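Shown here is one chain on its own, the form predicted on its own, set out as C-alpha cells.
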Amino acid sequence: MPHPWIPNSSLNVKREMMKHLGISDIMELFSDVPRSLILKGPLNIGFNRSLTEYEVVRKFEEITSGDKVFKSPPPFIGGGFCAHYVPAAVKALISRAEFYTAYTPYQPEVAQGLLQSIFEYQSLMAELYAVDVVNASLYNGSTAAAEAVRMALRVKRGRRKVLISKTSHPEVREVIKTWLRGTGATAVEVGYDRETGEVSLNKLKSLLNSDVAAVYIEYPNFFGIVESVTKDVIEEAHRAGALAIVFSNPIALGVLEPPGRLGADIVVGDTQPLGAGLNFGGPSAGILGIKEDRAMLRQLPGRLIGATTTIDGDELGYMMILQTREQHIRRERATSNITTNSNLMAIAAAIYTSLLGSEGFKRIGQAILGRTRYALKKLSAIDDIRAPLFSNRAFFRELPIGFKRFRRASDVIKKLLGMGIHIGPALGRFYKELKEGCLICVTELHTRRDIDMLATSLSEITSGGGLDV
C-alpha cells in the first residue's frame, strides 16, 4: 500500500522507476547500508491517512501557537461574518503583483489578464446565483444591498417605499435606511413570526401596495433560518408590481436553490465566505446581479466587464462595457457614486470558487449543513438551553439559541470567553424581545470534538453558573 506521507510510494510507481533504473529489487539501491540498520516493516509515521490542507494547518497551529486564542476550537461567532477556511492557493495567487490593486483598470490594452479575471468572477457568481448579469463587485454585502434598493427605486419610478424583512441582518437594514436619506423614499420593516423566526407573509401582504418599489428578504436569514416563504414573498412582490431583492450567502448555494431560480429580480451577497477570511470585519466584496432586463441593466450600478473577439475572430478581448459613475456622465444621472470595485476580493472569490467547482460547493454546503444539525442535536439536549430559539429547524451555518435561566445572553458569552470559546452576537443587541438569545455559527472548520466541547462548556455554565438569573 502507498504510504500517505511518502511520495512515489505506490507499487506501480516503484515498478516503473525500477524498470527505468534497470534494477529488479529496490533494496539494490541500498546495498551499501548494513542490513541491521534497515527497517523490516513500514514506517509508523503520520496519521495513517492523508490529511487535508486545513487539518495540517490546524495541527501545526495547535503545536506552535499555544498563545493564540480561538484557534482550537475556532470561533463560533456569527452575525453575517463567520470563520471559514481560506485555501493557501487563494492567498498565494491574490498576492501576485498583477492582481495587487483595488482598482478596475481603465486601459484594456495593458490589462487584459486583470480584466479577464474580473469577467470570470462575474460569470461564476452569475452561475452560482442563477442570474444573467453580475457586476464587477461592490464594496461589501451591505452596500450591495443598499445599491440594489436604490436601483429598484430608479427602475420603479414614482414608487417611494421599500419593504424590508425584519429577519434580515440588522446592520444591513441600517445601511439601507442611511442610503435612502434624502431620496424621498422610505424603508418599512416587515415583522416576523415569533414562533418560526420567518418573515410574516400576512404582514407583508398587508403592506404591499402600488407605492412599493421592492421587497428585500434574506435567504438564509439573519437567524440562519432558510426561509420557506422566500418563493411566496417573491410572488407576492410581483403581484404588487414590485421587484424582489434576495440576499443570499454564496456558500449556502451549494445546497440551496439559487435565488435567481426562485424568481428574484435582483440578487445580492457578500464574498466573505469565498476566500476572504475574517480580517477584523473586512475587506470583502459585494455581489450584485440581475436577470437580463434592459430597464434594470441601464440602472445597474458599478462596473461591468465584457468580452468580444478580435476582427478576425481568433482571439478574445476584454474591456469595461458599463461604468455609469458620476465622474463619467452627468452627476445627477449616475447610478452610483461608489468610484471603484473590490477588485482583489472579487478575484479571491473567483479563485476560491474555481478551486471548489460545483461538486466542491455541494460538499462544503453539505458539511456545514451536517455540522449545523449536529450542533442543534447536542445543544437541544441541554436542559437549560432552548435550541433552537424558534420552532423552525431548517438552519444553515448559524443557529439561534436561548438560555432559560438567564436574563441576558451576554452573561453566558462573557463566561465562555474566559474558557477560550467565542459565541455570539447576543440577539438582544438587535432585538429587544430576544435578550436571552444569541447566535452560534458552525462551519467546515468545526470538528465534532469542537462542537462537543462547546456543548459541554455551555452545560457547565448553564447548570451551575453563578450568573445573573
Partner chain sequence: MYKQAKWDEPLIFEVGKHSKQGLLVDDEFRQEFLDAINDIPGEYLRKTGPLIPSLSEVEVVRHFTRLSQMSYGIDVGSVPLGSCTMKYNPKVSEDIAGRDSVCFIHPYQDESTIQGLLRILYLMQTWLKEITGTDVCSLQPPAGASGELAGALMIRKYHEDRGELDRNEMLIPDSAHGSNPASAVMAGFKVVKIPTDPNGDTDVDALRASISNRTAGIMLTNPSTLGLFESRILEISDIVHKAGGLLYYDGANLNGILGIARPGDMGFDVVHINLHKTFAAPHGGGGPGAGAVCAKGVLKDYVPAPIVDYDGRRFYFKYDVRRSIGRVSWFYGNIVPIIKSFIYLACLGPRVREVAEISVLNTNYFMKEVTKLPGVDLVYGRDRWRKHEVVLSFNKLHRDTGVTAEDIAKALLDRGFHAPTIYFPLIVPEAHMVELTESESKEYIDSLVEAYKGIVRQAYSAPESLRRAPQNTSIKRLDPLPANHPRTMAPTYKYIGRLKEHRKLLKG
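Positions refer to the first chain, counted from 1. Not measured: the values here are computed from a predicted model. Each form is matched to the other, and the largest set of C-alpha atoms that superpose within 1.5 Å is called the rigid core.
Omitted here: the form predicted together with its partner chain. The next part is about that form.
Engineer: Looking at 204 to 212, 157 to 165, 187 to 195, 262 to 270, which lies within 4.5 angstroms of its partner chain in the predicted bound form, counting heavy atoms?
Structural biologist: In short, 262 to 270.
Engineer: Between A244, L389, L379, L114, only one gets a heavy atom within 4.5 angstroms of its partner chain in the predicted bound form; which residue is that?
Structural biologist: It is L114 that has a heavy atom within 4.5 Å of the partner.
Engineer: Consider T447 of the chain shown here, and say whether it contacts its partner chain in the predicted bound form, taking contact as heavy atoms within 4.5 Å.
Structural biologist: It does: once its partner chain is placed as it appears in the predicted bound form, T447 has a heavy atom within 4.5 Å of it.
Engineer: Is the gap between G289 and its partner chain in the predicted bound form 4.5 Å or less for some heavy atom pair?
Structural biologist: Judged by the heavy-atom cut-off of 4.5 Å, G289 is well away from its partner chain in the predicted bound form.
Engineer: Does its partner chain come within 4.5 Å of any heavy atom of I321 in the predicted bound form?
Structural biologist: Yes - in the predicted bound form, heavy atoms of I321 and its partner chain come within 4.5 Å of each other.
Engineer: I'd like to know if I305 sits close to its partner chain in the predicted bound form, meaning any non-hydrogen atom pair within 4.5 angstroms.
Structural biologist: Looking in the predicted bound form, residue contacts with its partner chain include I305, since a heavy atom lies within 4.5 Å.
Engineer: Sequence order please: the residues of 371 to 410 with a heavy atom within 4.5 Å of its partner chain in the predicted bound form.
Structural biologist: Counting only heavy atoms within 4.5 Å of its partner chain in the predicted bound form, the contacting residues of 371 to 410 are R371, R373, Y374, R393, A394.
Engineer: So, superposing on the core, is the move of G113 at the CA at least 2 angstroms between this form and the one not shown?
Structural biologist: No.
Engineer: Has the Cα of I413 moved 2 Å or more between this form and the one not shown, judged after a core fit?
Structural biologist: No, the C-alpha moves less than 2 Å.
Engineer: So with the core overlaid, does the Cα of R429 end up 2 Å or more away between this form and the one not shown?
Structural biologist: No, because once the rigid core is superposed, the C-alpha of R429 moves less than 2 Å between this form and the one not shown.
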